[in-house]
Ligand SMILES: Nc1ncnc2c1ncn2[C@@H]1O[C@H](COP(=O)(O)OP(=O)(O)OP(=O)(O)O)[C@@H](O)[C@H]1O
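There is one chain below, alone, in structure tokens, taken in the form predicted alone.
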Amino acid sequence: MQLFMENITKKFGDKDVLKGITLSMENGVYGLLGPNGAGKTTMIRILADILRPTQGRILINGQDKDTCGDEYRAKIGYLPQDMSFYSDFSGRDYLQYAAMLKGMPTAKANERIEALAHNVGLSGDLRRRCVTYSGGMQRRLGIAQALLDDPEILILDEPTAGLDPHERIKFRNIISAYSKDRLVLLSTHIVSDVDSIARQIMMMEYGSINRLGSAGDYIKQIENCVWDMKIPVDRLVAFQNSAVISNVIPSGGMMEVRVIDEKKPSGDAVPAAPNLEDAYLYIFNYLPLQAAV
């Protein structure tokens, strides 16, 4: 499976939301990272064939998606950022309704529903109304819906928004298990969602994808740019106004601070091993800060 975006541009009025994105993806998990308002959801909705681009085209295995029509849409499993349910629908009702919209035969749909409910941990809850589900259960129901007709392309928009750490880990494990033979695009602003499962990570800002690489590539770029240091509590507020801080831990009367900086921020600062979250903060916070200076 190859999905190719060529010069995808999207305007809303006079505003350029996407600016000429060209990108090629194959089977595996791709992370789309960026702050809120970067254009991630617009790009996701264009790929899911919900929005049309102002300019550009999408090719699937070398064929323009617009000439594929329903055949393209049948290859897509989509989990939107915001999910809604009919108040009287049970989990089973919701999945059966989704299967009907996808044109699945009843017997095949029911068999698939049982298998997916087991795999996402909802077998014992299908009779319950969806509106009584926790946030994590609703997201797991959503991923079951997206996987119903075994799509070749799985598109997930902020899939762990609002979930606690335990549910986020559980959700990532489900995505990882289903990513072997399909293309998965996971859009998020939560770095840990893609840190361990994405083969390639795109960094998006102001409607453009400025960087593409593995987690290791990004981490390598900020070697010698992460520091641990201690400062008094009363200096922290003023210090953080001119520094990029990734973590703070109280330690007696002092604060242990993790700082992103190309230069040693203080005489007692010691180098720290960088991680992907440090790289994210470096790209979206430190570099703009330095440009402003």
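The numbering used is simple: start at 1 and walk along the sequence shown. In this text, all values refer to a predicted model and were calculated from it rather than measured experimentally.
One more form of this protein should be noted, the form predicted in complex with this ligand, which is absent from this view; the next part is about it.
In the predicted complex, this ligand lies within 4.5 Å of some heavy atom of residue 36. A residue is said to contact a partner when one of its heavy atoms sits within 4.5 Å of a partner heavy atom; residue 193 fails this definition for this ligand in the predicted complex, lying far away. Though the partner is left out of this view, residue 17 does reach within 4.5 Å of this ligand in the predicted complex, counting heavy atoms only. Not displayed here, this ligand is approached by residue 42 to within 4.5 Å at the level of heavy atoms in the predicted complex. The single contact residue among 96, 200, 81, 138, judged by any heavy atom lying within 4.5 Å of this ligand in the predicted complex, is 81. Comment: this ligand is not present in this chain, but in the predicted complex one of 182, 129, 189, 168 has a heavy atom within 4.5 Å of it, namely 189. Here the chain stands alone, but in the predicted complex its contact with this ligand, taken as any heavy atom within 4.5 Å, falls in 28-36 among 28-36, 248-256, 264-272, 225-233. Residue 158 is the only one in 158-185 with at least one heavy atom within 4.5 Å of this ligand in the predicted complex.
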